[in-house]
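The chain below stands alone and is given in structure tokens; this is the form predicted on its own.
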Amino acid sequence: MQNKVKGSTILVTGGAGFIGSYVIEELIPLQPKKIIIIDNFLRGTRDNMKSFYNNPVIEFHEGDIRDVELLENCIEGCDYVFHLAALRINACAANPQDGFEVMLKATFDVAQLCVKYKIKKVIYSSSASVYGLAQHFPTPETDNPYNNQTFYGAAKMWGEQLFRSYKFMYGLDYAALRYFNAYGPRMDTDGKYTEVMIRWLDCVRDGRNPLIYGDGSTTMDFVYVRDIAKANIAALQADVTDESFNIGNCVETSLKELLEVLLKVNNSHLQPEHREENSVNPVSRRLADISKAKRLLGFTPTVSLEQGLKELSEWYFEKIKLKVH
């Protein structure tokens, strides 16, 4: 397969973020001419970029994708765009105005500028949130999005439809990747929207019994961040356009099972404490059917939940150690 990255100029929005930083680490060995990054450090960090920050191919802009002038300067002269910058699902719910500006308006600006500067292909980060509680398990891409009840899921679906219409109207090539439950080193550890895994690792650190809200039967499909990054590269390299792909691990894991594995990899004998469900979670199951990504992108996840949680734990405790010193 030809290497489309070699000698090309690539923009990564949100490149200092959790997934974006791994995408860049996958791109660098493929010899791009230049990788341009826009990140405002709302979620991303300099620390996430330490493996490549001083690499001569990197051009970093600390800024917001709502800044259309900055966006235009960065897209002009590019060959490809990875559009990863986004707010978290809870942040969109807490402030829909910000959600609109970042998730819809800025994505619209990206699409407009990609047409203007004849970008060869856009890889758009979407989400399994578009399904809400899906109709089928495992869930294929053909499931409809009408069960979604979140602003975030609606915004991601709108982004997919926007790129779809721009392919139809202007011939702009794109692929959309619907990530299932992403996790791994560099995931957000601070702030009120922190993942349950991080809260449980706090419990392991402090010797407190971890809490499970409800009966722990809610399931997710946890996909390791490096596998997600590899899927992004595969979507760029493959000769596919106007397609959406599920990116998951194809294993359904309940919260109860997740905690068991997390305690196991940390040799912890803490016992979970159950609390009454404190919020209504309309999505009680997640399981990806990734046969389309396997077929058209050659994508197969490689990291098991146990291996991934081991790496997440090592990174997390190393981070805590550095904070203390």
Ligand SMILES: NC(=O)c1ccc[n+]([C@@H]2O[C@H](COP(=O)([O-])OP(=O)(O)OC[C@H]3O[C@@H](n4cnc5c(N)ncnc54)[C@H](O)[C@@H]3O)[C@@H](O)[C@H]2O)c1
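These numbers were taken from a predicted model, which means no experiment stands behind them. Throughout, we count residues from 1 along the sequence that is shown.
Another form, the form predicted together with the named molecule, is not on view; read the next lines as being about it.
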| property | result |
| --- | --- |
| Triplet F82, A175 and K230 all within 4.5 Å of the named molecule in the model of the complex via a heavy atom | no |
| Interface segment, criterion being heavy atoms within 4.5 Å of the named molecule in the model of the complex, picked from 167-175, 152-160, 205-213, 235-243 | 152-160 |
| 4.5 Å heavy atom contact, L113 to the named molecule in the model of the complex | no |
| Distance check, D64 to the named molecule in the model of the complex, heavy atom within 4.5 Å | yes |
| The named molecule contact in the model of the complex: M220, any heavy atom under 4.5 Å | no |
| Close approach of Y179 to the named molecule in the model of the complex, 4.5 Å, heavy atom | yes |
| Contact assignment for the named molecule in the model of the complex, among S125, N148, N249, T139, heavy atom within 4.5 Å | S125 |
| Listed residue (V196, L255, C78, L87) with a non-hydrogen atom within 4.5 angstroms of the named molecule in the model of the complex | L87 |
| Residues in 1-35 close to the named molecule in the model of the complex, defined by a heavy atom within 4.5 Å, in order | G14, A16, G17, F18, I19, G20 |
